[in-house]
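One chain is shown next in structure tokens, namely the form predicted alone.
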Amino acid sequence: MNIFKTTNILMVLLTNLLLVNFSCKKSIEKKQFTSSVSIQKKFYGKTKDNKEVFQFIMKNKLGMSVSIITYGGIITSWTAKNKKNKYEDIVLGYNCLEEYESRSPYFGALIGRYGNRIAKGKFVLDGKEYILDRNNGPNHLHGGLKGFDKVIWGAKEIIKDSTASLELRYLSKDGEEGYPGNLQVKVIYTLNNRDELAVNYEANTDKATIVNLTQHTYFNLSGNFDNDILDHELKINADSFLPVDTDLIPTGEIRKVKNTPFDFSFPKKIGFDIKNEDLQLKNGKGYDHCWVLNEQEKDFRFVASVFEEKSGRLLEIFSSEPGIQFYSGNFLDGTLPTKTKGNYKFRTGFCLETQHYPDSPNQPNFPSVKLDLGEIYSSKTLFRFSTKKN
């Protein structure tokens, strides 16, 4: 055989071999990359009316895990690393479905159709008055007697590149809890390999209605549910907040936080001013107010952060919403069991709920929460965990 021909054949074979190896290497890398996140599905239990509930556990390659059940879209556990790189559960909740059904103060739940309070349980939309279920004294709270926190959501697992997502869907029928319109709701929880959890909300309706969705996780960044949260340092990107009456309904005033106990425009311990003789703190029995967030013209921006010194955990929150409800666990009273055989004592958890303002349907100077036929409700919040030194 001609030496040049032989050389050419060898070159072709060598080139093909290299291409095969490169292709295999890419395939392996892709497989490893994709498998760096995972979702595990488990049977969680049956509701009182015999409906099955499943738990989905999302994990990333760093060690963070987020567990969500189809009842209420509830985050039942969420691990985050401390300064020693140890991942621990940092959210309040229960160990079984029965406790979530019977006596949960919205631990970890999706909230809708309307997060927060609507005064007197009624509002007028396009000239028609709608009467809602009253489940908070004379007022309507967090969607009513059976809000989105108490329904079974359809679930779909999605793995893409380095993210694991759980897509939840629910149809809220016309007239449910008094709300108009058939509302199709989709919420997607997405965990990535940077210890971030994104929550994307989307909804559409066949009739004009109101929508204000949020997430109601209680955090304790110490990882010890016996500890209160008063030493956590909170920062809120807001120059104003909404004063409330004794029923926690906004008065309509937008008040500056400067020179008040409500100034968290710089990192400040939650407990620093909480015992201040301030009428608003008395009305809320602590902090249970909505802050008017800055930079509302931006689609998505930093809105709040919390730092816990002993663990070194830092939580940063980003959102497209105009407001954030900060609740300092004022109604936790030691009667609810923890996941660790104790009880949730006074102020052992806090909530930061990104949302539109409370009672917006009855407050014409607040941003609108109306959703019309043909429109898409869209909202996004991201929770980012890291550690830092004090």
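Sequential numbering from 1, following the sequence displayed. Every value quoted in this text rests on a predicted model; they were computed, and no experiment measured them.
This protein has a second form, the form predicted together with a small molecule, left out of what is shown; the following refers to that one.
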- Message: Within 4.5 Å, heavy atoms only, one stretch in 259 to 267, 214 to 222, 186 to 194, 173 to 181 touches the small molecule in the predicted complex. Which?
- Response: 214 to 222
- With the small molecule left out of view, choose which of P243, G271, P105, G312 has a non-hydrogen atom within 4.5 angstroms of it in the predicted complex. P105
- Could you check which residue among N60, T348, Q325, T70 gets a heavy atom within 4.5 Å of the small molecule in the predicted complex? Q325
- Item | Contact of L132 with the small molecule in the predicted complex (heavy atom, 4.5 Å) | no
- Message: Is it the case that E353, even though its partner is missing from this view, gets within 4.5 Å of the small molecule in the predicted complex, heavy atoms only?
- Response: yes
- Any non-hydrogen atom of F43 within 4.5 angstroms of the small molecule in the predicted complex: no
- Message: So in the predicted complex, is the small molecule close enough to E99 to count as touching (4.5 Å, heavy atoms)?
- Response: no
